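Here you get one chain, nothing else, as structure tokens; it is the form predicted alone.
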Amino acid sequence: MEIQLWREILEPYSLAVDELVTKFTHIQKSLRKQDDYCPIELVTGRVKTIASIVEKCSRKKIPLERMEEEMADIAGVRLICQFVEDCYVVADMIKRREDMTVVEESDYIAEPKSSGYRSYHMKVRYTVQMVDGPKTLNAEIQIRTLGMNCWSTIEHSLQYKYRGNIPEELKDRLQVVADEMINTDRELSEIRDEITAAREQRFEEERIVNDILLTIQNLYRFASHREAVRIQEEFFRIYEEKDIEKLRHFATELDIIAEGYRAQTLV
């Protein structure tokens, strides 16, 4: 096949990768800008090289003229997450999108390959607008944690070095590392639960403090100045203790006081 023809074939795949990377990066930035939790830590993409395509076609017995129909990963996007749970959140996010259609899923996280490889694969159909009209093509989206990606990168390098014939000793060591990665991801998920709980408490504390300050501001209008100052000083004393239960109790007591002056915060 002529080089020029290869370029024409791969051009829409390059455009698809650029667009998909841009879209997922936009999601990542938007969530972070909203100060919301973002399950996507890193976005990367690539178009398979001509050499890799030829090698895979040879290995999988795929005729070159059928490669676009039978190869899902000519265009590839990788989404890296912090936690295992995030991988499934991102997968659900992709299923809800209207600009791509999921046609196949492979959950190698729940059921790792025999080598120890773990990742969540989604084959999607995606349409790009070329000069001569729309073209719908296959693309593969891989979703994995940082640990899974590290393991996969090392394993891929070894496959390349040994031309697919990794020595048994190295295979065994890779399997041990894969098992340790599973335990690491499990531990990180437990830590994530603590992070989530702390985050929710922080949001609650911010809401309570905001309501208290608005109510005290209203008290300056309806109560005596001395009373408002006394309540404000009491609030700052409790706030310095960083005790959410005391803040809740103070907010409840403040609502009772404010009701007497009709100075409750309007929500």
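Residue numbers run from 1 along the displayed sequence. Please read these numbers as outputs of a predicted model, since none were measured by experiment.
Below, we turn to the form predicted together with a small molecule, even though it does not appear here.
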{"query": "Residue 88, heavy atom within 4.5 angstroms of the small molecule in the model of the complex", "finding": "no"}
{"query": "Interface membership of residue 108, the small molecule in the model of the complex, 4.5 Å heavy atom rule", "finding": "yes"}
{"query": "Residue contact check: residue 138 to the small molecule in the model of the complex, 4.5 Å heavy atom", "finding": "no"}
{"query": "4.5 Å heavy atom contact, residue 196 and the small molecule in the model of the complex", "finding": "no"}
{"query": "All of 26, 97 and 127 with a heavy atom within 4.5 Å of the small molecule in the model of the complex", "finding": "no"}
{"query": "Contact residue in the model of the complex, chosen from 230, 202, 46, 237 - any heavy atom within 4.5 Å of the small molecule", "finding": "46"}
{"query": "Contact residue in the model of the complex, from 192, 173, 161, 123 (heavy atom within 4.5 Å of the small molecule)", "finding": "123"}
{"query": "Listed range touching the small molecule, judged in the model of the complex by heavy atoms within 4.5 Å, from 237-245, 56-64, 36-44, 210-218", "finding": "56-64"}
